[in-house]
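So this first bit is one chain, no partners, the form predicted alone, shown in C-alpha cells.
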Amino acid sequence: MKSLKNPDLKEWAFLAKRPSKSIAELDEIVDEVFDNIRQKGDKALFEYSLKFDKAKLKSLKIEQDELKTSSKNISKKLRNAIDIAYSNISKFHKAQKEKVQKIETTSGVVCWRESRGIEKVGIYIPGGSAPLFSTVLMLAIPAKLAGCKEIILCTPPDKNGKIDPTILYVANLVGVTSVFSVGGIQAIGAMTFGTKSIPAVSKIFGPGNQYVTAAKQRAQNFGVAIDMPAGPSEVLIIADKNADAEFVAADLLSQAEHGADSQVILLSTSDKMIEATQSELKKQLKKLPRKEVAAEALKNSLAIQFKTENECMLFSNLYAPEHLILACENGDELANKVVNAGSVFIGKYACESAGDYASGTNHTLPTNGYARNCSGVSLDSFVRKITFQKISKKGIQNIGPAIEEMAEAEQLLHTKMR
C-alpha cells in the first residue's frame, strides 16, 4: 500500500482514479460473447462454462430438489447467522415501502403515485473462489418485498459444475424463482437476450468484476435496465489519531480480499496512525486465506496523510467511495459533510463487514466513482412508480382553460378542448 503525504491539490484527481482495463478491450470481449449468445443460445453458454469455468455442464438450470435439499450442507450455526441477516435486511427494506398519498391539486383533480414491482428481474451472484451468498439476501429480499413475480438468479459453477450450497440454500430461503449455472459476461448476455433455458429479464442486478460491469452497461443498449454500473469493491477510511489501527487494517483487508482489482484507501492527519495501520496490514495479511488476492489489491491502494480532517473529507467526496468508514471521535460531525458515498459507517465499531452481512442496509452499492450520481440498491430499485390522476367534470372545467392556452402556445391545437 503506497503512502503519500500532503499531496498537492492538482494531484487529487489523478489519485482518485481507479485502476481499470481499456474500455475498448472490454467492449470487444462483451460484443463477441453477446453475439455468440444471440446466435447459438444455450450452446454458447455451455461452451463458455467449459472455457472460463472449466466446467462441463449437462444442464444450466438447478432443479428444485437440489435447492430444497441444500440445507443439509449448511451448518446450523451458519443457518442461524443467515436468519439474523434475513430478519434485519427485511426490516430495513420493508420500512422503505411508501404509503399512497392522494393529492387534490385543484378542486376535482386528484393525483397520486403507486409502486408496481418489475415483473421479471435477474440477479447476478459472483461465485468461484468467493461465493457471495450474502448478495442473494441483499437482492432477492427487496425483490420479493417489491412484488417482483419472477426472480432469475445466475451464478458461475465451480470446475465440477456445482454451485456453492449456501447460495442455493439462501436462494430457496428467500424465494428465488429459478437458479442457473452460468457466470460472467455470458450470464448477463443470457438474461439480456434470453435462451431456451434462461428467460430474458427487464432489469439486471448484482455486482461483478469489470467484465460483468461492462456487460451490464452494454445490456442497456438492448432495452434491459440495470441497478447501477458497479464494479470492483472499494472502501475509503478516514481515521483520526485515536482510531484502532488493528480495526482499520481489518476493514481495509476485508475489501482487498474481494478481488485483485479491488481498491482500498486510508486517509488520516496522523502519520503515526498510517504507520501503525501499515504494520497491521502486513501482520494480518499473512493470516488471510485469500492473502494473494488481497496483496494484489493493496498494490493499487493508497494511504494518504492530509493536514486537516476537512481535507480528508474533500478528497473523500472527490473519490466518492462505495464504502466510507469514519473511524473518528467526531464521526457524526464528519458524516454531515458527506456528499458522495454509497454507504457510510460511523465510529470505530461500525465495521464495513456489518453492512456487508447483517446490519440491514444493502451492500449492493455504486463503485468506481458512481456514488456521485447513483444510489445503492433499495426497495425502489425493484419497482416502477406509476402516476395516476382522476378528474371530475368540475375538475376539467377548472383546469381546461389552462390546458387550452398552453396547447395553443405550443401549436398543438388538436388538444384544444371540445
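Don't overthink the numbering: it's just position in the shown sequence, from 1. Remember, it's a predicted structure, so these values are computed and weren't measured experimentally.
There is another form of this protein, the form predicted together with another copy of the chain, and it is not shown here; the text below is about that form.
When contacts are judged by a 4.5 Å heavy atom cut-off, residue 152 does not count as touching another copy of the chain in the model of the complex. A residue is said to contact a partner when one of its heavy atoms sits within 4.5 Å of a partner heavy atom; residue 284 meets this definition for another copy of the chain in the model of the complex. Not displayed here, another copy of the chain is approached by residue 341 to within 4.5 Å at the level of heavy atoms in the model of the complex. With a 4.5 Å cutoff on heavy atoms, residue 71 does not count as touching another copy of the chain in the model of the complex; it lies far away. Checking 295, 302, 111, 145 for any heavy atom within 4.5 Å of another copy of the chain in the model of the complex turns up a single hit: 111. When you look in the model of the complex, the only residue of 242, 105, 310, 279 with a non-hydrogen atom within 4.5 Å of another copy of the chain is 105. Of the candidate stretches 268 to 276, 152 to 160, 255 to 263, 184 to 192, only 255 to 263 has residues whose heavy atoms lie within 4.5 Å of another copy of the chain in the model of the complex. Residues are counted as partner-facing when one of their heavy atoms sits within 4.5 Å of another copy of the chain in the model of the complex; in 320 to 334 only 332 qualifies.
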